[in-house]
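The data below hold one chain only, encoded as structure tokens and taken in the form predicted alone.
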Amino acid sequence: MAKIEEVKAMVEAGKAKLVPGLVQEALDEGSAAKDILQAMVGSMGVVGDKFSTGEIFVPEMLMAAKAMAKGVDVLKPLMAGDTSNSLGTCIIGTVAGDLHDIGKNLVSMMIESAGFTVVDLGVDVPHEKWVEAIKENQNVTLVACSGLLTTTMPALKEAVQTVKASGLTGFKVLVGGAPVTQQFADEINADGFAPDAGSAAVKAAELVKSL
């Protein structure tokens, strides 16, 4: 098995201690850094699909994301300044009044694994903060708003509407959270909806590629 295939398999298996060495061996074998990165992104896509279908659960997904992060650490010095594989910057957070960050953190990790630079605004993000963050950061291609509680769905609506009414362009708005549905996402004029962390990464990439 080529080393790059071993990297893919070990990321999917969440072997964080093995991945860095295998990534280095793949480089030594002649594989390009961008190809190794793409292989790991593909593995995380598989992991996300398995999570969405209930084949694996949060711990396994976190282990895979950690394994990929270890591999990316090896590649970073080689890819400094190379933006060809970047999907842009994602601004992420939970909406005003929502203090639950476990799901948001999971989505953040998956989206970063998919190739985004993530700017995490944390929890309980005021509506105007979303717009400020878009202005303050370069190449923002995605705004991901999370709301776990039914009581914060109006805040989710207001966050999306504030961003949409800002006049800023060049990005898509993705929403998610336990009470959120595709119908609600459509009603508040979000560009996309994801029911879980695994599908969020896939949907994020899909949305940005349509820009």
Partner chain sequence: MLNGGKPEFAPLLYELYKVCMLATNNTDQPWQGGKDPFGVNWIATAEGVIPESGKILFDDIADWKKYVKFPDVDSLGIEQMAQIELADFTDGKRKEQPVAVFNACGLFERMAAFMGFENTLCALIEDPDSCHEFFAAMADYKIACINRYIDAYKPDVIIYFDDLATARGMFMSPKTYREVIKPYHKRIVEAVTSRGVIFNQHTCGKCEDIIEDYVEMGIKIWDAAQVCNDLEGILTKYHGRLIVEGGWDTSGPASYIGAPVEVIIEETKRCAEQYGKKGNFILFPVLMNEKGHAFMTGDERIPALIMTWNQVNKL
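Residue numbers count along the first chain shown, from 1. As the structure is a computational prediction, the values presented were derived from the model and not from experiment.
Another form, the form predicted together with its partner chain, is not on view; read the next lines as being about it.
With the partner left out here, check for me: in the predicted complex, does some heavy atom of E60 sit within 4.5 Å of its partner chain? Answer yes; at least one heavy atom of E60 falls within 4.5 Å of its partner chain in the predicted complex.
Within a 4.5 Å heavy atom cut-off, is L99 in contact with its partner chain in the predicted complex? It does: once its partner chain is placed as it appears in the predicted complex, L99 has a heavy atom within 4.5 Å of it.
Taking heavy atoms only, is V41 within 4.5 angstroms of its partner chain in the predicted complex? So V41 does not count as contacting its partner chain.
Spell out, yes or no, whether the shortest heavy atom distance between T89 and its partner chain in the predicted complex is within 4.5 Å. Contact with its partner chain, no.
Residues T117, V140 and S166 are flagged as a possible site; in the predicted complex, is every one of them within 4.5 Å of its partner chain by some non-hydrogen atom? Negative, none of the three is within 4.5 Å.
Going through 130-157, which residues have a heavy atom within 4.5 Å of its partner chain in the predicted complex? Please give them in sequence order. Sequence-ordered list: L149, T150, T151, M153.
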